[in-house]
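Quick heads-up: it's one chain on its own, the form predicted alone, in structure tokens.
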Amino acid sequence: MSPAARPLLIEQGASYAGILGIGAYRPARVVPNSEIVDAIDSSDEWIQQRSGIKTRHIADDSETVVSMSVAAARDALAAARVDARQVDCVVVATVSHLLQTPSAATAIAHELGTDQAAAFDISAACAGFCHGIALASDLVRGGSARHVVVIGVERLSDITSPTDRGTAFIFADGAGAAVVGPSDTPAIGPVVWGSDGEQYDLIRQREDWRDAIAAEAPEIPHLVMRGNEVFRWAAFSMAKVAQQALDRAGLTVDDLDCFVPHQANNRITDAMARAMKLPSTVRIARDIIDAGNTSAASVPLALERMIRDGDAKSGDVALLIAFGAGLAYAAQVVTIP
């Protein structure tokens, strides 16, 4: 270093970060299996056996990615007792905001009434919310932000074909949000995250926009999924990731109160619980039964329901884990606010 050079000033963040509040928005329209079975030549019994899903929420024209996010974030801010003007950053996880740019987060930050908070979207599919929690924790502890709003939101009905037997009964809409801020004690554990790009094609957009526009009858590209292969990968690979998240937090399954996996499929959740040898005392999120698979929104929606129903209480220890297209995944242990 040159004798004349002056060291940079480094912002000091909080010693620990935690989730301060959770919020959710579920579209008003509830669609039972009976409304979709004819289009995919299926039955209510088959769908429930295959996935556990009985109903799902589907957004109407007024329930946009932005409006659902704002509603969920306002609930989270109220639960956290944090004013929107105290928010320094808004992180939005989504794959269904159909405007390429600007990000949904910038519009959401404005609608919330933040004081020109930093705002950006991340694309990690179903794992996006857990990625956002990891980023928010690092921002708070690193000094770049004091309060961060993390949102998982999807309008998957826009990019799901109603006649695709492999996806039409699975995907749904909604938004969940969390406020992350300083904590007196460690309340967000180290993230275990990664991706398995060798499995890139298992869940994907059917074609890119150029091919879709060039088609004889252009339409929005839809999601496609090789469900059996995703099931095999997630049911067994993710149990190992879950154990790594516990190890990094210095805990065992016996320390857990709640398990909040991505609401992909009840059979995957059951397989993970068996592989992890979860004690019967651990309460498991089953939001998929009534809400379907909402991708990036599924973990916060499931967590909010557990809190609302009394299955997760303040101070409880919960393991969050999610996985999706890419194949991207992330997991961390958190303390319930």
Partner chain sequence: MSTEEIRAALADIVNEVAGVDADDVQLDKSFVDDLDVDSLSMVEVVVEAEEKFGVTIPDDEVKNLKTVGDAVAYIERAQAA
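Bear in mind that the values here come from a model prediction, so they are computed numbers and not experimental data. Residue numbers count along the first chain shown, from 1.
There is another form of the same protein, the form predicted together with its partner chain; it is not shown, and what comes next is about it.
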For this session: Counting only non-hydrogen atoms, choose the one of 223-231, 143-151, 179-187, 93-101 that falls within 4.5 Å of its partner chain in the predicted bound form.
Result: 223-231
For this session: Have a look at S62, T281, S34, Q49 for me and say which one sits with a heavy atom within 4.5 Å of its partner chain in the predicted bound form.
Result: Q49
For this session: Heavy atom within 4.5 Å of its partner chain in the predicted bound form: which of R206, H110, R74, R267 fits that? Just give me the one.
Result: R267
Exercise. R274: heavy atom within 4.5 Å of its partner chain in the predicted bound form?
Worked result: yes
Exercise. Would F236 sit within 4.5 Å of its partner chain in the predicted bound form, counting heavy atoms only?
Worked result: yes
